[in-house]
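Below you'll find only one chain, the form predicted on its own, shown as C-alpha cells.
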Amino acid sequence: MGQLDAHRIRENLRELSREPHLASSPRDEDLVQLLLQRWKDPESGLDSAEAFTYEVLLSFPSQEQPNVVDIVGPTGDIIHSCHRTEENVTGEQGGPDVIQPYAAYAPSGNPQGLLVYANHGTEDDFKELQTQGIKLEGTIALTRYGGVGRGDKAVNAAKHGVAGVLVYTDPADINDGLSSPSETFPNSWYLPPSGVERGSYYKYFGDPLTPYLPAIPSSFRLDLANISGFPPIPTQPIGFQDARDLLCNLNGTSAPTTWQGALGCHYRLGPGFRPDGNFSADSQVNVSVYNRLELRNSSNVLGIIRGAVEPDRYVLYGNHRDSWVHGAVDPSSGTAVLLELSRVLGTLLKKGTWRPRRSIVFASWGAEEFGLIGSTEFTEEFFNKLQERTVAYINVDIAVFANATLRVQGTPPVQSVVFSATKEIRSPGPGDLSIYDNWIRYFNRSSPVYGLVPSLGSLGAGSDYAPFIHFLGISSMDIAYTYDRSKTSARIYPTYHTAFDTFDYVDKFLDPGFSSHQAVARTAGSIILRLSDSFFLPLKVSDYSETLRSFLQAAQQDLGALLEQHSISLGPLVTAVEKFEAEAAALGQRISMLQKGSPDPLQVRMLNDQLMLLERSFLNPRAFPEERYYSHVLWAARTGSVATFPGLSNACSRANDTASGSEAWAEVQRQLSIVVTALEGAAATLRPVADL
C-alpha cells in the first residue's frame, strides 16, 4: 500500500494521454509496446507478457469528406453550418490526430428535412411527438444525450419515419446548467460550448463481424449486409452551441416542461423554424455523413503473475487502453493505476519476496470504445479456460470521475471483500476516515443483515466487465472514485468523449495531487491480494440471498396479483429462494468450522470452487434469444418497470395487455421456470459436493 505512489500515477497519466490514441491508431500501437516493455522489465516486470491481436470491424469518419450539418434555404443555398471541430482552447484540440466528432457505425448518407426536437429520443418521446400531431416522416430529429443508449435514439427515430438524427449534450445534463465560455474549461471542469461527445452507436458488444467467435484469421465472418445492431439512419453528434442555434429558432408548440434544458431559450418541438428567427421558416436541415467501415488490427496486452500454489486459478484485473481523443480520464486514469499496481507487485515478485497463491492476470483491452471489442474477443477465444478457472474479474475503466467518494458496482459475492479492503485504507482529503466510512456518507442502504452499509451498484454493460459477467458468469466488479451526487446532476464527468479530456483537465480540476487515483490503486490492490492470496476465497455467497429476497418481494408485491389472474403461481420461486438461502447459510457455517481447524488444502480447494462457480449457475444461454451475450438470468438488461428478475419483469410488461393463453403469457411462464431452475441449480452448487 505504501509503495503505490501518487506522483508515479500522475506521470503515467501524462505519458498515456500525451497524444490521442484511438483504437488501432499508431499511438494506440505505441502504447501496446509501452505496456509490454513495462511488464517485461527485469526489475519491476511480471512473469510473462504478450499481445493478442484481432482483426475487427471499426468505423471512422472520412478524412477527405468531413461530416457536415447545414441549414439549407428554400433555394438550396447553405445559410448556416454547424462547427465541424471543437474549439482549440488549449492547443490540444486542433492536432491532426484529433478525430472529428462522429457517431461510430452510423451509416453514410445525406438526408434533409424539417427539424423536430425529440428530447432524449426514447420510444415514448417519439410517441409524444405523434400525440402532438407532428408528422415525423422525412424529418431530422434533434435529440439530447441521456435517457437511452446512443444507438437506440436512431433506432427509435427510424421506426417513426425520421430520416436523420442529431445528438447533443444539454448543459442541464452535464454542466449543471452553466454554459458560457468563462464558466467552462479551461476555466473550470465544465464542458465548453463546442464540446461534442463521440461514441459508438453499435447496439451489441464484440466485433460486429464475428459474434460468438474470436476475430482471428480462421473465424467465419458475416457478410456486411447481414450485420445487425448498427443505426439504421445517418446520425451525427453536435456541440451545444450549435444545438442552441437550431433549438432556439424552432417553431411549433412548446416542449413539455420535463423536456426543457439549459440553452437559454424556451424549447419548442418544431417542425421547422419560426418566421421571426435567424433562419427563414421553410429552411431545412441537411445531415451529410461519410463514415466508413474498416477492418483494423487491435490488440489486448496480457501480463501474468504465476500463482505459487494454485496457478490454474486466475484473478483478472482489466482496463481498456483506447480513447476517443487524449482520453486522460477515459480510460487513461485507469491505465495509469494499472501500471502503478503492476509495477509494485512486479517489484515484489522480482525481488523474490512474494508470489501469490493464485495467478494474477493484468489486461489492457483494445477497442473498448467501439463496443467492448477487445475484452469480448478475449472471452470468446478463451471461453472454456476462463469459465473453468477464473475466480473474479476486477475492472477499473475510468479510475476517477471526481474526487468525492468511492463507487463500486459488482455482483453480491464481491461485496464483503470490497468492504474489508476499504475499511483498512485511509480516505484522501481532510479528516481521518477510512474509504469505507467516507463511502457510506455518499452511497448507502439499509441491509436486513448488516444494518447501514455502502450500496454496491449493479453491473450493466458500460465497460469491459460485461462479457465476463453476462457471457461467462464470472463474479465481477467495477471500481472508481466519483462525485458528490448532492452537488451535481451531471450525467457523467463533463468532458466525457471530447477533445477536452486532457492531462491538464485531470491535474487541475478532477484530482489535483492524484490522491483519489492513489485511493483507487490501494483499493484495487488490496482486493487483488485478498482474492489471489487468501486460503479461503473471500467471496461471500450468502450475500446473494439478500438480492434474491428483494427480487422475490418485488415480484410478489408488484406482479403477484397479475400473475394470479393468469393462473401463474410464484410458489416454486418462493421455495427456490428459500432453498438457496438455506444452502448458502449452511456453506457459510461449513467454511467457519473449517477455518477454526487446520483443514486439508484439497478440502479448501473444493469449497473455493463452489464459491467460484456459484455465479456460473445463474447462466442460461437460451434464456434471452433476442439478446446477444446476455445469459445471466439475474443481471440481464431489464426493460420492465418492476425491480425483479429481469426475464420475468420484461415478459410481464410485454404480456400485460394480452389475453390469458397468449404466447406472451406462455413466455412469462417460461421465464419463471428459467429463474426457478437457475436458483435450484445454484442451491445444488452450494450443497456438500457428495450430495446431489
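Residues carry their position along the shown sequence, with the first being 1. Since we're looking at a predicted model, the values are computed, not measured.
What follows is about the form predicted together with a further copy of the same chain, which we do not show.
A.B. asks: In the predicted complex, does A480 have a heavy atom within 4.5 Å of a further copy of the same chain?
C.D. replies: Although a further copy of the same chain is absent here, A480 would stay clear of it in the predicted complex, with no heavy atoms inside 4.5 Å.
A.B. asks: Tell me, yes or no, whether Q112 is in contact with a further copy of the same chain in the predicted complex, where a contact means a heavy atom of each within 4.5 Å.
C.D. replies: It does not: once a further copy of the same chain is placed as it appears in the predicted complex, Q112 has no heavy atom within 4.5 Å of it.
A.B. asks: Please run the contact check for R605 against a further copy of the same chain in the predicted complex: heavy atoms, 4.5 angstroms, yes or no?
C.D. replies: R605 belongs to the contact set for a further copy of the same chain.
A.B. asks: Within 4.5 Å, heavy atoms only: does E626 come near a further copy of the same chain in the predicted complex?
C.D. replies: Taking the distances in the predicted complex, the answer for E626 is no, it never comes within 4.5 Å of a further copy of the same chain.
A.B. asks: I need to confirm a contact call. Of D558, E310, E128, D245, which residue comes within 4.5 Å of a further copy of the same chain in the predicted complex, counting heavy atoms only?
C.D. replies: Contact check passes for E310.
A.B. asks: Which of G513, P601, G277, P232 has a heavy atom within 4.5 Å of a further copy of the same chain in the predicted complex?
C.D. replies: Only one listed residue qualifies here, and that residue is P601.
A.B. asks: Considering a further copy of the same chain in the predicted complex, find the one stretch among 503 to 511, 353 to 361, 519 to 527, 260 to 268 with heavy atoms no farther than 4.5 Å from it.
C.D. replies: One stretch meets the cut-off, namely 353 to 361.
A.B. asks: Counting only heavy atoms, which residues in 46 to 69 are within 4.5 Å of a further copy of the same chain in the predicted complex?
C.D. replies: In sequence order, S48, A49, E50, F52 come within 4.5 Å of the partner.
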